[in-house]
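What follows is a single chain, given as structure tokens, in the form predicted alone.
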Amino acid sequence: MGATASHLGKDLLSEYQELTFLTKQEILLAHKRFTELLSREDKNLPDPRAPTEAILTLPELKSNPFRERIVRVFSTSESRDGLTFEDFLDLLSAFSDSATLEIKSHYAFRIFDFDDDGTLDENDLEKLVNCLTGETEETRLTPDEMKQLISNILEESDIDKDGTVNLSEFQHVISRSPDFVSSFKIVL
């Protein structure tokens, strides 16, 4: 399914449109933006990978507190470093206005699951809160505040009371949050 960075054929464009929540125009724009992230040498490779550092310079990700996790979750490389064009399309598709609540919540869960163990435990929740509040002295919660907040989150979300939030519990909580779908987006 790959194409050189300089060309995106009509058939491939149609295939990408069928496999994503993106329009042809959005795919073409994504391809242009992706190609701009590549070095001159990489543009001639059959399936180039844009380095993480380049992806993180995109204005749409630059101020996102989860930018590194987003790249890691969508990267298909063994080292989880950098994105192919198809990885980039998957990212944009999941964050598009047309993506379903189920898709968006699935990827949000994976982004928040910092240790990639399939659950949100106290450590994941603490990292999540720190990402959202910033990790400066002025914004960081005290240990007692953090403990209370995590306790409140688990009380609300941990339906089976196992001390963690699994994907279905997370999706249940998200389904009650009307702002989630509209706020979980990246538009090029």
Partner chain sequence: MSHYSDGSFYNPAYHDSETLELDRRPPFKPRHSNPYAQDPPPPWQAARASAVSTVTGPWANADPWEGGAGGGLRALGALPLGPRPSQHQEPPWQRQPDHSSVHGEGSFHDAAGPSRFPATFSANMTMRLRGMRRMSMFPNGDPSHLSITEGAIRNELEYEEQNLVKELMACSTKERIEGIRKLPMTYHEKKHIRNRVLASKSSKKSRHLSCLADCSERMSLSLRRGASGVAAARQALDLWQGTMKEVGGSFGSSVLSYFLFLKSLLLLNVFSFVINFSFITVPMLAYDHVPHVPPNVTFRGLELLTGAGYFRYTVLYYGAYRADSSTGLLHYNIQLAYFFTIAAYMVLCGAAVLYSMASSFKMNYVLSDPVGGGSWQLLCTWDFSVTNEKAVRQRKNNLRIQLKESMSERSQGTSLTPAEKMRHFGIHLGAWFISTSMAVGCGNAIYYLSQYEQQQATNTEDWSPAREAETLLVPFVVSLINLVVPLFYSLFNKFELYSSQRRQIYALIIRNVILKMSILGILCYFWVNEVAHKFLCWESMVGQALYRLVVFDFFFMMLGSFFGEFLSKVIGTRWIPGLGVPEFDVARNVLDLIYAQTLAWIGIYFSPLLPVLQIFKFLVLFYLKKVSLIQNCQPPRRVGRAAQMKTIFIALLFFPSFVGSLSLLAYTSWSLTPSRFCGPFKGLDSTFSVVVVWMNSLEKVPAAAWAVWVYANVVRSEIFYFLVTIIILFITFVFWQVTQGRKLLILLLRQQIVNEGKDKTFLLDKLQALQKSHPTQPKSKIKKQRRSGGSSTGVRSSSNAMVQTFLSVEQGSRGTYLREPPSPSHLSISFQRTPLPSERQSPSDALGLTLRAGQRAEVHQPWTPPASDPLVQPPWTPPSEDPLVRVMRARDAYEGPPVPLDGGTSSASGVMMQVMEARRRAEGGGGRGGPERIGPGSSSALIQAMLARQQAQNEYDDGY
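Residue numbers count along the first chain shown, from 1. Model, not experiment: these values are computed from the prediction.
Missing here is the form predicted together with its partner chain; even so, the following discussion is about that form.
Chemist: To verify the annotation, which of these, 28, 56, 45, 141, has a non-hydrogen atom within 4.5 Å of its partner chain in the model of the complex?
Modeler: Of 28, 56, 45, 141, the residue with a heavy atom within 4.5 Å of its partner chain in the model of the complex is 141.
Chemist: Wondering, does residue 37 line up within 4.5 Å of its partner chain in the model of the complex on heavy atoms?
Modeler: So residue 37 does not count as contacting its partner chain.
Chemist: Any chance residue 52 has a heavy atom within 4.5 Å of its partner chain in the model of the complex?
Modeler: Residue 52: no contact with its partner chain in the model of the complex.
Chemist: Taking its partner chain as it sits in the model of the complex, is residue 155 near enough to touch it, meaning that at least one heavy atom pair lies within 4.5 angstroms?
Modeler: Residue 155: yes, in contact with its partner chain in the model of the complex.
Chemist: For 76-93: residues with a non-hydrogen atom within 4.5 angstroms of its partner chain in the model of the complex?
Modeler: Result: 76, 77, 78, 80, 86, 90.
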